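Next up: a single chain in structure tokens, the form predicted alone.
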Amino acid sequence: MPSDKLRVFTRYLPFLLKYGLKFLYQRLQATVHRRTYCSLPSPQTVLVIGGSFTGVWLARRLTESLPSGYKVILIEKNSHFNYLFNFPRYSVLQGHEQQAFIPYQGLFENAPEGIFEQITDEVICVREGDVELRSGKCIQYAYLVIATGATQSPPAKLLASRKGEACAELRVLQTRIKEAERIAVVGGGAVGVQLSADVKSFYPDKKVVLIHSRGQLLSNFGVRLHEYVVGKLAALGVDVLLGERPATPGDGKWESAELILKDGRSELFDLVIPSTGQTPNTSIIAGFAPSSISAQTGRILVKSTLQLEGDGKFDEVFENIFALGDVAETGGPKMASAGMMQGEIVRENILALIRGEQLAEYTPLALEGALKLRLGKDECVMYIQEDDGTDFMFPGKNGNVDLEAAKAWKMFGAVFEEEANE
């Protein structure tokens, strides 16, 4: 029987070839665009709210394709790009946390003059034709893209928006992990699994318990991945409790607590780290488009074109407003790769509206949900699941202890050696 790695390569080879050719064509288009774009007075604005993976990718692609007379404004409250993939590791590993915060500037330094502007601020209100920022400033838009993602409890995402304060936030958790002897991680998603494995890898003498409310870890994925991960956690010495939903400290702080299990038993932990749930960041449109927020999931409802879905009365108003990524009910997985694929659809559709052409529709692909899960200091596993339940799984090895942070900095056009030591 062929290995999963061979099966997945064979299965997705046509897609990879197609995507590779498309990528080369995009690079050629970007080169031509850079030489032909002209900065004009009073350009119309494509406003992108949210500077994580999805928003940054879209903004960058727009700088490579918008016609003269248009510009991109990216609004993001964080001073630096938060490289979320490495937050679990840098919650445990001391002295490396600064490498998870990458300067934005290098991403757009090759963009045509006048096509891009970044504002470090927070949108508090969306209106027809403009948005209001926390600073009190208002920004007009011709097209609006909402890529605000979802809020998660630290350390999946952090509370601080400035690099120095965010690093200090991670250092607090590092210290508490180092000092604690009995640690409970509550929540068996990707962050909880990776955090538990890292704590036990770097501090093998500590007692680490991973507690999950359902009967399967990583509940959005297949049973085969769950069984593999449970085995790897057991080999590391992590205890796993399934079907448990103990009350955790309500303030979300990392502190000691007594957790009550469903059979009545109680266990005292020196440190409890909640790692549960996501809350979509939709408050900015709650007053403007309440009918576009799902009552079931809290996400923004969108059409297959990723334009806002209203109640019929506002279709014309919403024609120039898009939502994508974790904040939107797109039908795709809540993964960075899916957000980037959706970003390409939004880019195409903004250009189509400018040109008066037919809009493209987003169709999720299984490959967008591919998961790379770190399982301690040395190991990881890749997992892909098709809609029909067919899955592919193959183990691998992690890179260096920084999880190849230098590659991420290079991708952002940032100088790793200088910035990482600030």
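Just so you know, these numbers come straight off a predicted model, no measurement behind them. In this text, residue numbers run from 1 along the sequence as written.
FYI, the form predicted together with a small molecule isn't displayed, but the following is about it.
Where, among 61-69, 368-376, 354-362, 22-30, do residues come within 4.5 Å of the small molecule in the predicted bound form by heavy atom distance? Of the options given, it is 368-376.
Might D198 be said to contact the small molecule in the predicted bound form, defining contact as any heavy atom within 4.5 Å? No, D198 stays farther than 4.5 Å from the small molecule in the predicted bound form.
Indicate whether the small molecule has at least one heavy atom within 4.5 Å of a heavy atom of E76 in the predicted bound form. Answer yes; at least one heavy atom of E76 falls within 4.5 Å of the small molecule in the predicted bound form.
Check P154 for me: does it contact the small molecule in the predicted bound form (non-hydrogen atoms, 4.5 angstroms)? No, P154 is distant from the partner.
In the predicted bound form, is there a heavy atom of the small molecule that lies within 4.5 Å of any heavy atom of Q216, even though the partner is absent here? Taking the distances in the predicted bound form, the answer for Q216 is no, it never comes within 4.5 Å of the small molecule.
Listed residue that, although the small molecule is not shown, lies within 4.5 Å of it in the predicted bound form (heavy atoms), from T330, S275, S292, Q194: Looking at T330, S275, S292, Q194 one by one, just Q194 meets the 4.5 Å heavy-atom criterion.
Looking at K206, R171, K163, K334, which has any heavy atom no more than 4.5 Å from the small molecule in the predicted bound form? Result of the distance check: K334.
So in the predicted bound form, are G51, A147 and A150 all sitting within 4.5 Å of the small molecule, heavy atoms only? Judged in the predicted bound form, G51, A147 and A150 all sit within 4.5 Å of the small molecule.
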